[in-house]
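Here you'll find one protein chain in two forms, each presented separately as structure tokens under the names structure 1 and structure 2.
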Structure 1
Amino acid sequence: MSVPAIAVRGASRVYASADRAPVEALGAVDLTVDRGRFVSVIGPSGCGKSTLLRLVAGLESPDTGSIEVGGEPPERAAAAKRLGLVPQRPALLPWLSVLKNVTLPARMNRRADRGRTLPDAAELLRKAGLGEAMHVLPGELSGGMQQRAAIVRAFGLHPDVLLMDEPFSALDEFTREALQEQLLDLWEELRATVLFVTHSISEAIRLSDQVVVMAARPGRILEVVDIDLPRPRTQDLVLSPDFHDYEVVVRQYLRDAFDHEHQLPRRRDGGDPR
């Protein structure tokens, strides 16, 4: 059996603070993501999506359980640049130009780059519509432009595993579609594995092989929905009855998660989840 790209085994995370009751951000979560898959995570605000991503990225350690990325500890995968993260808030360095921000990971720890061909950062920026903004400081960009620069920075590493936390949430509809396509192209070209957090049901279905639906208190995985739709996921497909059926299914699971959290009786919306 081949080693999965991401293996989360019984990982939990509790945040304790002096003036609040402890928050069980993640209960004991199990998640296996096979190599080359595109997996989205969707769930109500506060259900632990970003926490899960931070654990997989090695930025925090789980309180219980274990996490491996490509069979090794996340910190090691990150140090070897096999792992890229686009955080929920674009963490650009304000004193560096957009281009320098994007090329920063490539300029650090060059030993990790041996044997790989990195894409041309300026070209990636142009494709993301930031050609004109390349030499300005992040503070002069709109929120969505900063977000795009952070995405390009992660792409530029050519990681095996790419973790993205609501990367397109601050973008207008058409920029979002263009970047979704770029992301899918890159994913196919690199045979990368992507774990992608979103609040958009249609975005999750369009992009993914699997959609993981989470619920809160404690943060946990409610369902994993296999998206058995052909690729490329064209606009026609997005408008098809099959696509709509998946939207109904994922929406119902999300509603279950919401109702459970707010202690509402279960509701039905039409379609039955399978």
Structure 2
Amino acid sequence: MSVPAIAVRGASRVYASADRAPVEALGAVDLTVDRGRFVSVIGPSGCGKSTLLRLVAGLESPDTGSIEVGGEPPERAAAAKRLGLVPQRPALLPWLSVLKNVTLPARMNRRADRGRTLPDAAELLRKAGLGEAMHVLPGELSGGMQQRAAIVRAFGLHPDVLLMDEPFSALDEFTREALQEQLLDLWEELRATVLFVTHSISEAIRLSDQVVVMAARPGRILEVVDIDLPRPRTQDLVLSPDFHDYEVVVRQYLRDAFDHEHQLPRRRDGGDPR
């Protein structure tokens, strides 16, 4: 039996506060992500999506339960460069060129790269449409191009698992759609396991093999929706009836999560009481 890429078993996280009651960000969450899968996490604000991602990244530790990445603790996977993270902001060093920013992680802790074959960073930048910008400073790029460089930087390590925390949230719709396409192209080629946090229903469906719907108070997994749509996921697919059906399903689960959080009863006729 193969070891899953990500295994979250009964993980909870409570944040203490000096002036108010503790906040239960996550309550005994279980989640298994198989190798090579693209899984998105979606849910209302405050449901613990980013907390879950930080726990898997090893940036925080669960109060109860356990988390493994490829069968080992997240901290060890990160130290071995088998775990990558793309934050909401690109976090590029402004005094280094785009290419040097992308290759910086590979130049650190070189012992972790022994026996590994890393993709050519310049070639990845060209495939991401940044071939002519690789020698300029990040400040000369648009926000979308900077985020593209951050994604290439993460893929450049060829990690087994890639964690992405709403990387397109600050971008306009057209830039967002273009970056979704380029992200899928890179993923199809390198096939890292991806855990992707988003607020966008259409983005989650377009990118993912599975969509994990979370609810709040405490943060928990409400449902896991398998997305059985053909790949490659073109923009035309977004307009198809099958895609719309998945949007309806995920939206209903999100409404259930919202109603439970705010304790809104459902009307007998199925309508919205708000």
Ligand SMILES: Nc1ncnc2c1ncn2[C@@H]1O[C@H](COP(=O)(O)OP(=O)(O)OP(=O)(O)O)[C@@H](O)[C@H]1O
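Throughout, residue numbering runs from 1 along the sequence of structure 1. Since the model is a prediction, treat every value here as computed from it, not as a measurement. The term rigid core refers to the maximal set of C-alpha atoms that superpose within 1.5 Å between the two forms.
Chemist: Form predicted alone, is that 1 or 2?
Modeler: Number 2 is right.
Chemist: Quick one: core overlaid, is A204 moving 2 Å or more at the Cα between structure 1 and structure 2?
Modeler: The answer is no, as the C-alpha of A204 shifts between structure 1 and structure 2 by less than 2 Å after core alignment.
Chemist: Superposing on the rigid core, is the CA of P73 displaced by 2 Å or more between structure 1 and structure 2?
Modeler: Comparing forms between structure 1 and structure 2, the P73 CA shifts below 2 Å.
Chemist: Relative to the larger rigid part, the smaller one rotates by how many degrees between structure 1 and structure 2?
Modeler: Rotation between the two rigid parts between structure 1 and structure 2 amounts to 16 degrees.
Chemist: Keeping the rigid core superposed, can you check how far the CA atom of N101 moves between structure 1 and structure 2, in angstrom?
Modeler: A shift of 4.1 Å.
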